[in-house]
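Alright, here's a single protein chain in two forms, structure 1 and structure 2, each given by itself as structure tokens.
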Structure 1
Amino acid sequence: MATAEVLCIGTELLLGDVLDTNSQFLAQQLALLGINCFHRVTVGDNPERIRECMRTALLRADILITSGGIGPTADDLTTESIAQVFGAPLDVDQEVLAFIEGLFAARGLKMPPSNAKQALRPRGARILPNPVGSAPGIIWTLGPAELAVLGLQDVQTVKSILTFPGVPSELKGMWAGTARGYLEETYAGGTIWSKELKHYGIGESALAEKFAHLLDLANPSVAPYAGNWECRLRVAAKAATLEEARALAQPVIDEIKQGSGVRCYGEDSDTLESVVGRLLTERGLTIALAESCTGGMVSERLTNIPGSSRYIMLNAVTYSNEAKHRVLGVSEEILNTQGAVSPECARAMALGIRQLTSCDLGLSVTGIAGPDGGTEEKPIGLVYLGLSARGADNEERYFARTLRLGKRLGRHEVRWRTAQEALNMVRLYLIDPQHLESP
């Protein structure tokens, strides 16, 4: 089984200016590929120390993965350091150079000379394309000459170096685009086939207890993860072929789906919003949102699904009472007596947005996200959700939810948690309104 070592390069990391999230992403991805990771090292922008860490890593691991230090500025030293470790010359990759110049030209700018260094690669290394940003990385499958430099004359294992930028979105894009495939081909001992079963409405420990007997399995392995107010069960099987691996995992996947029911909302790259989008498209239904405390987050997530313009007509972020009254027709009486954060207002908002847009579904969110604005009887974290719908029977239906999330959560957490619940309400309704009737 191959071993990788992750080297994060950047003084900003050692000063704590930046929270390193790349390491967790890389760790999870390596685990998915069945590649071991025994050490992770973070080092600053110091040439000597960078080279020393690279040598150490290449001696104790098969794969060196670096993050950071491939930008255009003088303290970006990763590529140079790799070349120095092996005494390899740095060649200008004309294709990359032209590409970077093109990026500037597209904005009517001339490329600053310093950006040229981003087109450098040690002789023998290939380019690791960057689909998002300007700086590509490199993939270098070390040859006998490089191994000799490390004093590894007759190793049988393949040693590789992959470099990524520190910007998370770019690193992820490059991983999915090229790096994962390369590592799979070069190192995957057998094939690992895995599927993530995404859950909403059940906690990690409850999920772990429910499927405790599966968590002890070796192949397929089942592991629970939590984050962003949802849980995932990852089922991973290892076999000679992808088909055998899938066949190993399938019965376990079926058992989990069976046991979880609607709480298992999707697989792998599914999100609550993508599932809602798929269901709306299948049913040929349209939706409109009236958001207050979430400020547009539900809308942003739902419209982030390609093609969502087919089923979304209008989302109104009615932040002020005036907007709730003028745009959604919430009566002044409700606003003055019950207030904007009330079940009555949520209902009027949901009805109002649906009537304004004549959509099939009207979803409303009103609450107190904090950090201020909370009162004794309406504390921070109190949220009312409403879903107004015209059923298949053409009957008017209305469903309500109340969240009491407590003061502990920050503003963003309250909004995200609320958006999760709002999207899940729509999902449950589209699967079967009965799921919403029992609170």
Structure 2
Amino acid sequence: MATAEVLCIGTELLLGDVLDTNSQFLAQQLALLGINCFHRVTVGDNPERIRECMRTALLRADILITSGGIGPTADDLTTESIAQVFGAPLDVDQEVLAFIEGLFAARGLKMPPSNAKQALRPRGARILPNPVGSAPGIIWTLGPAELAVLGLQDVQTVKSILTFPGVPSELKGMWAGTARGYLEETYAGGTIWSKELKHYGIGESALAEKFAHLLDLANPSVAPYAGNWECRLRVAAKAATLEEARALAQPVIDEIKQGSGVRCYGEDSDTLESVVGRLLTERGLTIALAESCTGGMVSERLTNIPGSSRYIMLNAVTYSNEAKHRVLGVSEEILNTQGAVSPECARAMALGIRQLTSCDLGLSVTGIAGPDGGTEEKPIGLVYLGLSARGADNEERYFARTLRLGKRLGRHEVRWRTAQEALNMVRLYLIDPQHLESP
């Protein structure tokens, strides 16, 4: 199986000024082609280090893919560096030069001389067209002369270099238009199919322990990941075709889903909010939200889902006591005696928003996100969730959750974790109300 290495070029990446999404995209696409990617390297705009990384990559991989450094400025060094590695002269591609000049002419401008470097390519390489921007890349299938420069003799596999700009939209357009087809024709010898099974309500170590017998599998492979207050199990299989790889992975996926139960909430791009939206739509139910400490975060996540107007009746951020009283009908007695952060207030908020909108579900959130405002009795990170539901007999059913998240998380993390718990609470109710204990 062929191997590739991704080299991302740009000092701005090392400084953290720009987030590198290109290497993630390329790794995913290479996997779909059945091409292994064992190394992803980032290097700054230094010609000596760029050349060193290029040589290293070509010695240990069949394919070198670069991102960045093919623009018109002085620190765009990728094309020159490749030519220098092999001692190849740089030729001007007249068609590319005329194309770039035409882009400027169409705007009534004269092309700056610096843009001419975008038409350069090492002798022997061909242009990788850019259907979106002005900077084309190159595709270079290395021959015996270039391989000899690297000290490689009797190489059994073809080695190639493909260069892309750093702009993600341009890279993706070039990949789809030319690069993918070239790699398929030259290297593809199978494919990798994978699926992520997303879990909530179980930690990474507990999830890994539960499925420890699967983690040693080679094909399909199973790997645990954690992040953003949820855990994932990635199942990946290699085979000649996508269909064969999917069939190989399916029994393992079924076993994980069965063993995880409701803790496995979705797959791949699913989020808690998208799953909740899908369940509400399938059941023909509506929901309204009353938020305090989360400041509308739950509402924002739900309304980010296309089509959410079908099931969301009203989102209210009732931060002040006055808003809780005037909008939701929380009694002054509860606010004065129990406080805004209390189980009683959460229940009154959930019931109040549901009655105000005549919807099926009313969700409430009230708590102390910090970094101040906590007391010994009600510390930072104390949050109450309430869910008022209209039952089949039109009688109210109420469910509650108490969260004690602690102040070490920080304000944003308390709010995010609370939103996760609130969405999961709704999800569990929609699957089966028995998953929630009534107070």
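No experiment lies behind these values; they were computed from the predicted model shown. The term rigid core refers to the most C-alpha atoms you can superpose between the two forms while keeping them within 1.5 Å. Numbers follow structure 1, counted from its first residue as 1.
> Assuming the other structure does not fit, state which one is the form predicted together with a further copy of the same chain.
Here the form predicted together with a further copy of the same chain corresponds to structure 1.
> D75: with the rigid core matched between the two structures, does its Cα shift 2 Å or more?
Yes, the C-alpha position differs by at least 2 Å between the two structures.
> Once both forms sit on the same rigid core, is the C-alpha displacement of E273 at or above 2 Å between the two structures?
Where the cores coincide, E273 shows only a C-alpha shift between the two structures that is less than 2 Å.
> When the rigid core is used for the superposition, does A218 move between the two structures (threshold: C-alpha shift of 2 Å or more)?
Comparing forms between the two structures, the A218 CA shifts below 2 Å.
> After lining up the core, report the Cα displacement of A392 between the two structures in Å, one decimal place.
Looking at the C-alpha of A392 between the two structures, the offset is 2.7 Å.
> So, with the core fitted, how far does L147 move at its Cα between the two structures, in angstrom?
Its C-alpha moves by 8.4 Å once the cores are overlaid.
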